[in-house]
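In the form predicted alone, a lone chain appears below as structure tokens.
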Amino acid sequence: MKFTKGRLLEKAKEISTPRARRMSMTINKTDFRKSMKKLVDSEGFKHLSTITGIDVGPKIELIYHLTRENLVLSLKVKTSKKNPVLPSIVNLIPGAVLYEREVHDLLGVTFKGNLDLSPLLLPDGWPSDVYPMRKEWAPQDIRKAMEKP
């Protein structure tokens, strides 16, 4: 895979190509917004298949699965679990709105600039500080939190 001239590859912390037409790139949180804008505007990655969120201990890792032609790029970025904030990409890829709401529901990541982070998957009455995909929330703890008045 080739990228147009620029500093995108220099910003990557890690790059791998696990198989043909697949690439994985890890980027710092501080470089995330500019890198995503370059991928969309200059590199042709205009389709977001999904955002995968993973609790990795003190951080939450998000993997943005982007596609162009016959190419899939998994862009990885981590944010602190204590202050899980990333810039929204809704103005770059409008379809990201639902994926950002889902990650917000399940992992508690706030996407700065997304004007609608209302619950998408969780039922009415769900406690606002309970994120079911975080490792610290066991099923019995979630039940207890749901039973509180």
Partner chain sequence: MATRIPFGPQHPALKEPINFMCEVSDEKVLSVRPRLGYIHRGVEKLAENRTYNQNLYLIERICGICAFAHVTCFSQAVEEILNIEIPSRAKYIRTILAEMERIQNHFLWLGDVGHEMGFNTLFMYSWRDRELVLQLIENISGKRVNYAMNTIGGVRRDITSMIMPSLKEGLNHLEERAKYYTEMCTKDPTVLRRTVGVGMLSPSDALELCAVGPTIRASGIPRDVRADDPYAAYEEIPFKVITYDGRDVASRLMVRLDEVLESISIIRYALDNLPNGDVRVRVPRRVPKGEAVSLVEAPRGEDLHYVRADGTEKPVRVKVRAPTLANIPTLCKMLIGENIADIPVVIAGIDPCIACAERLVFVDTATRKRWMWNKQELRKYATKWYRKK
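Positions refer to the first chain, counted from 1. If you superpose the two forms and keep the largest set of C-alpha atoms that fall within 1.5 Å, you have the rigid core. Small disclaimer: the values here were computed from a predicted structure and weren't measured.
Keep in mind the form predicted in complex with the partner chain is missing from the figure; the text below concerns it.
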Quiz prompt | Non-hydrogen atom within 4.5 angstroms of the partner chain in the predicted complex for each of Lys29, Arg33 and Val77 | solution = no
Exercise. Answer with yes or no whether Glu102 is in contact with the partner chain in the predicted complex, where contact means some heavy atom within 4.5 Å.
Key: yes
Quiz item: Quick one: is Met133 in contact with the partner chain in the predicted complex, heavy atoms, 4.5 Å cut-off?
Solution: yes
Quiz prompt | Ile51: touches the partner chain in the predicted complex, heavy atom cutoff 4.5 angstroms | solution = yes
Quiz item: Do Leu121 and the partner chain come within 4.5 Å of each other in the predicted complex, heavy atoms counted?
Solution: yes
Quiz item: Against the rigid core, is the Cα displacement of Pro139 between the shown form and the other one at least 2 Å?
Solution: yes
